[in-house]
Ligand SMILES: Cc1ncc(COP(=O)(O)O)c(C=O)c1O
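Below you will find one chain, with nothing else, as structure tokens; this is the form predicted on its own, and questions on how it binds or moves follow later.
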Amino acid sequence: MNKGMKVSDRLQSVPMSGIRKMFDLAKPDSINLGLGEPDLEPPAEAIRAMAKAAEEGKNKYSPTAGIPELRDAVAARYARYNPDLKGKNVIITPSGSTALLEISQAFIDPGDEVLVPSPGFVIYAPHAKLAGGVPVEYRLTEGDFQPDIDYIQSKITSRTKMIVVNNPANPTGGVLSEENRNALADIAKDKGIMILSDEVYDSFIYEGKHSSFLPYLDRAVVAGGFSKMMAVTGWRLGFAFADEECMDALIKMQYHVCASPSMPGMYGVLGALPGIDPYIENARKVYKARRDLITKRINEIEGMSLIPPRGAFYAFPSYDMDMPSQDLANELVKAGLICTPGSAFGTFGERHLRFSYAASEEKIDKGMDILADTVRKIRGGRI
């Protein structure tokens, strides 16, 4: 390789996703409970509206922040959490992941410390690093997976710029309590720290309620997305909320990332968004039944334990075997079951596995058969 083509140090400092690594090891006929991708069909209204937009010539660049009609519709939908929301508080992004990247690039300077949840989604720490920041893990409480407020306070320094919160959470399925949401908002205000709240799974809460950071846009930026809400992961469309000053920075950042999001895709989600509630209610019912099934199956396995996740569509059980989660995940993939080792989600994810139940009950049952058999063999010393 020409020395001028050397990969940047900042990119080399970030590992490849532990989720994707497992797919390289898998057999073609494996049961895939490793990827958080809904198997439901999108709303018919979304597909029709996207096709209609494309046929009518809406295939050009849009405004950098997205079409005004969709910005207004997103603001109207989420006004339940903050009645002052307007379209000017919304930016439409090419995926929720892009929203998270743009927020980190817009607000993190080299040397800034970013508190990230552990266990937490695999891109939070890399995004901080790619912006020149320093990710610092904070612990979640065992079982209900709430942010450990005392632990967070012990990690705050003069260089702390941002606290990342994920609610409902990937990989744990934890749902943030209102008490802890308020405590984090108070810390942000008292210390002059920004909250980045990833709320992409807000549609899927099975017990309790969603405690959004939208009432706190004076100290928080909130990211969301349509991929999970409408089962359109391939459309790559997300959004973010911010106050006007932060929004100016995000729009500037987005211009340099992608110029604008997909025009037909935006019209597609716009066509479905006003009447989306029945679709989401059905999806929630389907995922809850799958949640109950995978919880029952896991808790029947000696040495494994799972408190029913209250949101998203991930199970994050613990196990008592004396082996790293990567080794256990490797044994499972050899046996035909793809999952993700807990260590992929940070230091405090060890001794856990992540399973996605955004798959059919038949696949969940087959996957749990493989899990039960593999764990039984390991405990019996046959692996």
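From 1 onward, residues are counted along the sequence shown. Being a predicted model, the structure only gives us computed values, none of them experimental.
There is another form of this protein, the form predicted in complex with the ligand, and it is not shown here; the text below is about that form.
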request  = Note which of L306, A283, L100, L250 lies within 4.5 Å of the ligand in the predicted bound form, where distance is taken over heavy atoms; exactly one does.
outcome  = L100
query = Looking at R310, R219, R77, R236, which has any heavy atom no more than 4.5 Å from the ligand in the predicted bound form?
reply = R236
request  = Would you please decide whether I294 lies within 4.5 angstroms of the ligand in the predicted bound form, comparing each non-hydrogen atom pair?
outcome  = no
Y319, heavy atom within 4.5 angstroms of the ligand in the predicted bound form = no
message = Given that the ligand is not shown alongside this chain, does T172 nevertheless sit within 4.5 Å of it in the predicted bound form, heavy atom to heavy atom?
response = no
ask   = Even though the ligand is not shown here, does Q254 get within 4.5 Å of it in the predicted bound form, heavy atoms only?
value = no
inquiry  = Among the candidate stretches 79-87, 177-185, 263-271, 162-170, which one is within 4.5 Å of the ligand in the predicted bound form when only heavy atoms are counted?
reply    = 162-170
ask   = Going by heavy atoms, what in 96-129 lies within 4.5 angstroms of the ligand in the predicted bound form?
value = G96, S97, L100, F121, Y124
